[in-house]
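First come two forms of one protein chain, each written alone as structure tokens, so that there is a structure 1 and a structure 2.
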Structure 1
């Protein structure tokens, strides 16, 4: 919380916490200065909708702190999460005027925004931005495809294990911790949000988490705090090979 407030005041790109990972990662100092002129921060509270699918989207931006979700909803209410947005992730699509998905703040959220037209203009004149955006988009495409395997072919138990291992891996990379055998983290999602991510019902999510706990694959402290005694075991349960993805 305190952290987010201080970030919201940040105007200096050089000292920005996502400086080295966001869409501006490859920019030189002079390019950053020009970005600073057109950027502005926006804050959202947990639960707030950032953009509705189909709405006019007149800005793009990066998540500075907090977590947001990208979801798609059918007319009858079935919803599928299609992306999890973490600090440094990019929101919006240059060249498209309306949003394709709902973007919802899962936690309190700070975004670094640019109005679309100036940003697109900047992109044309700054190859470093377009290059980085391409790289990030390719990474997202890989992640989406990996998730297609989870959704299409994995069992409920494997799905839960896959989600936990992804969160664990990311958490350790964000916090620059070593991926040792023992890992601890907080679930940033409710059971329902996990269900929407995994294509399950929240009851099944709850049951499978209980089962993994009972089998000693994870240790729960409260509803949200998770410890993984043996990461290899968790990856096995996810159906990946034991060192899958750790060294790529």
Structure 2
């Protein structure tokens, strides 16, 4: 059973803050009305499990706000964070009855959920929803392949810079702000979570963040509020191209 809090939201699809990026991005007004009939919202507090790997999923949906992690548990009990779910990312797979990973809310999380069977039926009758989901899935695949490079070949400093640049660019995209030379955002992950995701120790993460701050690559206000004075320099530190790579 899902460990969620009920949430009364009456927001219509037309004014949704993630609509320009979500699976419904190309829907017409009549199609949005049909989605309204099968959608509902769920809110999870930081640390709560959205779904356990192997559990039956009776919904699919999009992250509206907050961050969640995808985690896989090995037979000996060890766990590895294998992905992040950021605003507009899609949760669940049409045609698959159970969850492939544990999904855990890292911050307070709001999800726009669709009842699975009606959504699958709507996909058959609305080709551009299926096409948009395919595009999002292929983008996710490209991002996963590039993340293999981050984990396998980049230095600890480059890994930290890469993660910061991913979060900064997504924050700008979701909030429909242009990626300018200077960006400000709140880091949604603790340093412990960053260490887990990047395959580093907590000490290494803290040391590299301090080094990036000392060198003027980032400015920290407290532990979570980050300002990037020069996005181009952060991308250079990450070893990425100036176009932002595949994580937008």
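Computed from a predicted structure; not experimentally measured. What we label the rigid core is the largest C-alpha set whose atoms superpose within 1.5 Å from one form to the other. Positions refer to the first chain, counted from 1.
Undergrad: Any idea which of the pair is the form predicted on its own?
TA: Only structure 2 matches the form predicted on its own.
Undergrad: Going between structure 1 and structure 2, do residue 166 and residue 91 stay in one rigid unit of the two?
TA: No, residue 91 belongs to a different rigid part than residue 166 (C-alpha assigned to the better-fitting superposition).
Undergrad: Rounded to whole °, what is the turn of the smaller rigid part against the larger between structure 1 and structure 2?
TA: Between the forms, the smaller part turns 13 degrees against the larger.
Undergrad: Taking the rigid core as fixed, quantify in angstrom how much the C-alpha of residue 219 shifts between structure 1 and structure 2.
TA: Here the C-alpha difference is 4.7 Å.
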